[in-house]
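In structure tokens, the next block holds one chain alone, the form predicted on its own.
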């Protein structure tokens, strides 16, 4: 009899699932895999593909459940982002990750809020992203978190007295850069000698840059995404405008020098991640990413891979529904990711420290 009881207990121990092991859980991802912001979105897609391979290999632990990331391409179109969010709120996804740009987020994320599906934004840096709903979180450092540190460090190093700013006045992210950079510089007594604007998809910036050159600033601030930023930098060099350059998150691409030329070398940008950081698993992540895709990961890949690690941690803890996923994010103490140990504050923004980098051929170095 004792043997039967012991065997029964043993079988119960074996058969009892731990935290919902064996479940199949799906997360929706909205990224700009094509279009003007593809330089960021392709990195994001690659990160989720790598994360799924790493889960199969046991490098990311899901506690026995199967977690998949369904990556949808919104083609740098806010309306398409909204369509994908609509799909992911009705197809069984427990969370939506993305989209790539802040302007897309303001259009699409309210759809998930109304459907009570949590959102984890991995690259939206404009103010107000997480204020859209009680289950909207982000693991991207906002421009309000990064730009002050960027200005403080460049001001200390360059001792500049004057600055000019060029920014896109039809985009939430680039307008944020203008506001935060100008406020931070004015706090230090920097004279903003010229402000120029452009519209998304503009290709000729010579008129604005000619005015900026005439104003003779010590520093040029770029509130720009990749396509416009690379053209501005390239045309500044052609016009002989050689000054210190500093920018926001839009300059965080390892392809900047390839697209903008040597004029991009030395430009400074704040970031949430650095390729050589020593956080647990980061170097191995960089190596696996390079082996899989033939190029080094950038900040956007790291933030997306970190999001995958966070979602996997919650799944491992038993979260298998949208409400459980939201509760898990809200109550998460610390998650060890390639960004370092992260958590969320009371506003659902990530608690993490920025790094200030300078652009070098092929990537970045500490500034």
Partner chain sequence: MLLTQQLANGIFLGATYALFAIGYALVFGVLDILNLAHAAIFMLAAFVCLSVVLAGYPLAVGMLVAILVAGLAGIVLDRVAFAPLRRRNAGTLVPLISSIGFAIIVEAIARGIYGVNDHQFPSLVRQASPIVLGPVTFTFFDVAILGASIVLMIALAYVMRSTKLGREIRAVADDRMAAALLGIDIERTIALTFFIASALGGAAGVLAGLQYNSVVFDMGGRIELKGLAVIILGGMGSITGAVIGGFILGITETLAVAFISSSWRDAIAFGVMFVILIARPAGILGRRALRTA
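Positions refer to the first chain, counted from 1. Model, not experiment: these values are computed from the prediction.
In what follows, reference is made to the form predicted in complex with its partner chain, a form of this protein that is not presented.
The candidate spot formed by 35, 199 and 239 lies fully in contact with its partner chain in the predicted complex, as each residue has a heavy atom within 4.5 Å of it.
Stretch-level contact analysis of 318 to 326, 22 to 30, 35 to 43, 294 to 302 against its partner chain in the predicted complex, using heavy atoms and a 4.5 Å limit, identifies 35 to 43. Interface residue remark: residue 91 is not counted as part of the site for its partner chain in the predicted complex, having no heavy atom within 4.5 Å. For residue 161, no non-hydrogen atom is located within 4.5 Å of its partner chain in the predicted complex, even though that partner is not displayed.
Remark: residue 231 counts among the residues lining its partner chain in the predicted complex, judged by a heavy atom distance of 4.5 Å or less. By the criterion of a heavy atom within 4.5 Å, residue 191 is excluded from the residues contacting its partner chain in the predicted complex. Checked against its partner chain in the predicted complex, the residues 214, 265, 157, 287 give one hit for a heavy atom within 4.5 Å, which is 214. Put simply, of 206, 277, 86, 116 only one has a heavy atom within 4.5 Å of its partner chain in the predicted complex, and it is 206.
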